[in-house]
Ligand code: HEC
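Before any questions on how it binds or moves, here is one chain, the form predicted on its own, in structure tokens.
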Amino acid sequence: MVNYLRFLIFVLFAVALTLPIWASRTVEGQSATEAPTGFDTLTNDATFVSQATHDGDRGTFEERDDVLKGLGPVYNAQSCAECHQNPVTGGISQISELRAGHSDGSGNFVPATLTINDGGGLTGVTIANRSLINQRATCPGVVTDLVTHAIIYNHPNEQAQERVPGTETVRARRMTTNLMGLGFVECISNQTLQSIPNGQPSGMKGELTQVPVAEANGALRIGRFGWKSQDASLLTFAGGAYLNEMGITNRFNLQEVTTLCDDVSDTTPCNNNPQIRCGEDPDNDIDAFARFMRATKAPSRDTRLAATASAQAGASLFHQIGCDVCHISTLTTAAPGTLINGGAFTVPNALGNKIIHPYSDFLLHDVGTGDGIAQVIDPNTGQLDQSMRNKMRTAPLWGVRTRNELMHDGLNYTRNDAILRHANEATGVVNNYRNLSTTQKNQLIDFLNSL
């Protein structure tokens, strides 16, 4: 009887959660349609972004930048595709980033402070209040031209490699996330995300973030990208990643993490508008990055596996035990013509009123796997929101079959282990999973492997 009541409660919560989502499928008299899917290199709608433009944007996304372009001095990758390329450009990868800091006497997270250039008796350079620890650096190093072998970068004695001090005891890996289909996620309205917690049971209500949109002068919007939902706009995300992951300044991020070994001017004007500074990105590559992501299709299903009786039974179990309280299967984007991102972007026909199946609510939850890192600024205080340090964004499960290192830190290698690692807000759901038979568990995992 207890198990039956638990099951009934989850069904009722899931139905309550689903109703407002399905009710939004008709907007302004137009029925919503399914978003195009596929792990391919084709544009999601040639009337939005032509195939030729999409191919060009993909080339820019895949381009390997070097020290002449402004790579580094500290960085993680030489191209966007280096971290987003499985099974095609825009997907995930095995690449992870490192974050670190420490807890103060009150238990609040404080981003790391570290010293570079600390060898050989040279003056140390401090990088302060930054949780991201870059894995690579351009110096010490000497680079020569491929043709003439003339020296084009000459820093054999400086040391920019970041190393985590022993005092920074909070340390965490963050796995690369999928970028495919994010144009549709960007076009989910604030109202849709705000309504989700209302349908979630007490103790499982997701937390919303309010984050600035760089291209709208810092106007706030509900976050949805990144492991802490720290970005709301793909253009803002692109600008931040270009600096933080590749060390290339751009019109939204003009200040280098460190100027040590930095030979490229950060005051270069934009080629398309000399009145605006573009840093090391005069061609505004960040616009191409954002347009590329917006034009990708959503991840597709493994249709053959999804059609099997086992995977279909697993889909029912996924719903019955409550996984979809947070891993929501279906959302609908805002209507075409809707202004989003603080008015900086208008939802196009290609992305508007589209039904997507991300299997996420894009909200933050404490499921016992938090990394202890606060990353989002509370707009009311201007300080890090410490309430979020042990919460993570619900991982979207679309395309999860392309990943073999699971959870935010990649430390789980089987679907079963990843499920059992959930706790806290997810304790009831995990207990329901434990109560399944071995056959049922395998069915649920077959369903996950079809996503």
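Heads up: residue numbers just count along the shown sequence, starting at 1. Model, not experiment: these values are computed from the prediction.
There is another form of the same protein, the form predicted in complex with the ligand; it is not shown, and what comes next is about it.
Using heavy atoms only and a 4.5 Å cut-off, decide whether all three of Arg174, Phe318 and Val400 touch the ligand in the predicted complex.
All of them do, each having a heavy atom within 4.5 Å of the partner.
Residues in which of 231-239, 186-194, 260-268, 302-310 have heavy atoms within 4.5 Å of the ligand in the predicted complex?
In short, 231-239.
Can you check whether Met204 is within 4.5 Å of the ligand in the predicted complex, heavy atom basis?
Answer yes; at least one heavy atom of Met204 falls within 4.5 Å of the ligand in the predicted complex.
Close approach of Thr37 to the ligand in the predicted complex, 4.5 Å, heavy atom:
Looking in the predicted complex, residue contacts with the ligand do not include Thr37, since no heavy atom lies within 4.5 Å.
Would you classify Leu182 as touching the ligand in the predicted complex, given a 4.5 Å non-hydrogen atom cut-off?
Because a heavy atom of Leu182 falls inside 4.5 Å of the ligand in the predicted complex, the answer is yes.
Could you confirm whether His357 comes within 4.5 Å of the ligand in the predicted complex, counting heavy atoms only?
Judged by the heavy-atom cut-off of 4.5 Å, His357 is well away from the ligand in the predicted complex.
Which pick from Leu71, Leu331, Cys326, Ala160 sits with a heavy atom within 4.5 Å of the ligand in the predicted complex?
Of the candidates Leu71, Leu331, Cys326, Ala160, Cys326 is the one lying within 4.5 Å of the ligand in the predicted complex.
Answer option from Thr338, Gln210, Thr89, Ser79, heavy atom within 4.5 Å of the ligand in the predicted complex
Partner contact (heavy atom, 4.5 Å) among the options: Ser79.
Within 399-417, the residues that have a heavy atom no more than 4.5 Å from the ligand in the predicted complex
The stretch 399-417, when checked against the ligand in the predicted complex, contributes Val400, Arg403, Leu406, Met407, His408 at the 4.5 Å heavy-atom cut-off.
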